[in-house]
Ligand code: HMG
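Starting off, we have a lone chain in the form predicted on its own, written out as structure tokens.
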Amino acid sequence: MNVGIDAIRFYSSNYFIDLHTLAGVRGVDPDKYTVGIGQEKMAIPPPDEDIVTMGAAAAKPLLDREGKDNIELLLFATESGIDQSKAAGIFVHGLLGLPARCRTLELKEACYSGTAALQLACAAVARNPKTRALVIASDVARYELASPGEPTQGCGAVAMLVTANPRILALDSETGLFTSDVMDFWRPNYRDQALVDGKYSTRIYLQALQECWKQYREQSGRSFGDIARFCYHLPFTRIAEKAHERLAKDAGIALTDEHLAQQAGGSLGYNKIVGNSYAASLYVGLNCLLDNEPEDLSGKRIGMFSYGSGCVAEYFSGVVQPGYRERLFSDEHRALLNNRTELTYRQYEDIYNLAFPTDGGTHMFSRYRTGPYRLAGVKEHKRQYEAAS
């Protein structure tokens, strides 16, 4: 029996800032962003959008099509938590009207938690194949203004329905795993912005990739040539190119620019114009590949590397199922990205500096363009969510 992804959908904010605009204000060559890290735009969530509204927005059309019966597990992966006790997924559970018979948990380990949620969901479904699991990864990447990490900011959410006999991607059982206690990226409870040692983090990312790939290869007996397409965690898209070059070199393969674009380039397009979405970013890349790859990938194996700073990493793979294209939300994804509102630098900075109220009073938030749900305000320290229309 196969277990894996039966449906997948992604969502991001309706607002963005072009990195050419940011480069002009920061007084740097735009190529530093567009070539150096491979980013073009970054999505900016308005004040009435957060990880809950984005996660629910990603999941709603999926559930409208697939129904809510037999969903007995909701796993919400994020490093942008909104409460130290209550799982963000419980807010989503209520907004989506999921069955009361449902385990709902929040998972955290930097950008790796989306993969942890997916693997745990597969294990739960394998135990009881009559049930389904909903995995949501949703995050807002936030760094200090004018810091090296600023141009990698972004936001987004991905929802995945995990079932037996999936119709998009059947996951293989073999995995490579890696954990090491390092301080390449972290965000203490008293900070809104993450701290990162960028060069060190890139080095650890590549080290983790090599170790995970080695284990995966030993467990599966597969080689570089057995993987048709490669997806990588994307704090910025240039790192995927470095990662793929490293794997090819270790495999003794002379990698041309054409091969690099074909094997790993298909997953990068959405991230270039959305930015980092932490736990969701690998799966935003997977969405991009499935939506836009001209070749029919049915029966082909996709390799995926998930990395979470701190750090935990995993290499795993899955086989694309026949008829997968009929299951995608490609047109909706393209429409979302093509119809966003561009912000000026001043608008971006004003949104950035708008602090969330912490006095326990009643605060109602202005209405912006959001998905089907919005954060209406806060009252007595309680977030108030509502339908957007």
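As the structure is a computational prediction, the values presented were derived from the model and not from experiment. Numbering starts at 1 and follows the sequence shown.
Quick note: we don't show the form predicted in complex with this ligand, though the next part is all about it.
- When this ligand is considered in the predicted bound form, P235 lines it closely, a heavy atom lying within 4.5 Å.
- Among residues of the shown chain, C111 is one whose heavy atoms approach this ligand to within 4.5 Å in the predicted bound form.
- The closest heavy atom approach of Q263 to this ligand in the predicted bound form falls outside 4.5 Å.
- S298 falls outside the set of residues with a heavy atom inside 4.5 Å of this ligand in the predicted bound form.
- Interface residue among Y270, F185, F230, F91 relative to this ligand in the predicted bound form, by the heavy atom within 4.5 Å criterion: F185.
- When this ligand is considered in the predicted bound form, only one residue from S309, T115, N287, T163 comes within 4.5 Å through any heavy atom, namely S309.
- The candidate spot formed by K32, I37 and K242 is fully in contact with this ligand in the predicted bound form: every one of the three has a heavy atom within 4.5 Å.
- From the list 301-309, 69-77, 207-215, 130-138, the contact stretch for this ligand in the predicted bound form under a 4.5 Å heavy atom rule is 301-309.
- With contact defined as any non-hydrogen atom lying within 4.5 angstroms of this ligand in the predicted bound form, the contacting residues in 127-155 are Y143, P148, G149, T152, given in sequence order.
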